[in-house]
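To begin, one chain is listed below as structure tokens, in the form predicted on its own.
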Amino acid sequence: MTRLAKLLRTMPPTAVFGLIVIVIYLVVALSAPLFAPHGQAEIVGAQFEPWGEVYALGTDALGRDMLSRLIWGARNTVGVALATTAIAFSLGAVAGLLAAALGGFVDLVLSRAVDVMMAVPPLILTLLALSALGPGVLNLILVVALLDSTRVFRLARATAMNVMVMDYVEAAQLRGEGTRWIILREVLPNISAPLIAEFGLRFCFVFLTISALSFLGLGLPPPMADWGAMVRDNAALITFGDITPLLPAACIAVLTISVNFVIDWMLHRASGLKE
């Protein structure tokens, strides 16, 4: 606890703000059934009812409570983005570490496969894959995770190769240590800082990608509450001066900015630079 308190005291205000926002989002996402007044698909009133005492943020085009939809959207959008990022990071990091440690034919095959996938704009490739596979949470997670893992692969491979040429890795190889031992005990601890920061960055990109796909109609299937789809469904209100469609967009922006604040602090701390 003392170490944690000392760490919090040394954090810049932007990182503290970002950490507080992330914690709030996580609490809301995990406790959505407790905070939400209504279910995410429950029709409770007429369409586009104004803000008031009955419905704090009004209703959407189908008469569903916007406040409840925003709260449920935290669980759905953030949860799917987090799961996708975890899968993408696991695939990319493992493949990148193996490519750096084994080298030769394995490195050549994995690197060329990643180059081919990265040659096509990711959003176009994602749209094509989802159009072919059809909508669905599982398809969305797998497609986005596979395409985003290529970025993690490049970083993991580059940082791991810098470590593989070090003397202590060569000494471990001369002692007869296996590839698994070298990766886990020698390489991974020395590249953990950039990988942790990359996880945060990947989450931001995946989060924005899923929101964009939902806005285009290829994200989470209805009636699941999703912030990107909520912006699309309520966009017509903008012409009447109603800021309701901006609320889910603000939720997306605030979380993205907050995560970047924390990542910037982590990178600065890992670099060893002083203020």
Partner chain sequence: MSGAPAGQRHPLLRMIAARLGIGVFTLFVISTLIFLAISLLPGDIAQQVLGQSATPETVAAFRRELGLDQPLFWRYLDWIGGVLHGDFGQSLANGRPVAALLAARLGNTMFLAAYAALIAVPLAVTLGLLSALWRGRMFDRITNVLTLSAISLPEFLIAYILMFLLAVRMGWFPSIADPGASPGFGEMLNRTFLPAITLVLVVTAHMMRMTRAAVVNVMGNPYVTMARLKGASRWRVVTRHALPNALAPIVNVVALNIAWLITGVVIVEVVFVYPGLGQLMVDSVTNRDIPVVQACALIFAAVYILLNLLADVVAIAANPRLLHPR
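None of the values given here were measured: they were computed from a predicted structure. Numbering follows the first chain given and starts at 1.
Here the subject shifts to the form predicted together with its partner chain, a form of this protein not shown in this document.
Student: If the cut-off is 4.5 angstroms on heavy atoms, which of these, 196, 120, 165, 109, is the one near its partner chain in the model of the complex?
Tutor: By the 4.5 Å criterion, the partner-contacting residue is 120.
Student: Only one of 61, 243, 30, 34 has a non-hydrogen atom within 4.5 angstroms of its partner chain in the model of the complex; which is it?
Tutor: By the 4.5 Å heavy-atom cutoff, the listed residue in contact is 243.
Student: Residue 94 near its partner chain in the model of the complex, any heavy atom under 4.5 Å?
Tutor: Residue 94: no, not in contact with its partner chain in the model of the complex.
Student: Answer with yes or no whether residue 23 is in contact with its partner chain in the model of the complex, where contact means some heavy atom within 4.5 Å.
Tutor: It does not: once its partner chain is placed as it appears in the model of the complex, residue 23 has no heavy atom within 4.5 Å of it.
Student: Even though the partner isn't displayed, in the model of the complex is residue 131 close enough to its partner chain, meaning a heavy atom within 4.5 Å?
Tutor: Answer yes; at least one heavy atom of residue 131 falls within 4.5 Å of its partner chain in the model of the complex.
Student: Residue-level contact is defined here as any heavy atom of the residue lying within 4.5 Å of its partner chain in the model of the complex; does residue 41 satisfy this criterion?
Tutor: Flag for residue 41 set to no.
Student: Which among 182-190, 72-80, 111-119, 167-175 is in contact with its partner chain in the model of the complex, heavy atoms within 4.5 angstroms?
Tutor: Result of the contact check: 111-119.
Student: Every residue in 86, 140 and 146 with a non-hydrogen atom within 4.5 Å of its partner chain in the model of the complex?
Tutor: Result no, not one residue of the spot touches its partner chain.
Student: Taking heavy atoms and a 4.5 Å limit, what residues of 242-262 are near its partner chain in the model of the complex?
Tutor: Residues within 4.5 Å: 242, 243, 246, 249, 250, 252, 253, 256, 257, 260, 261.
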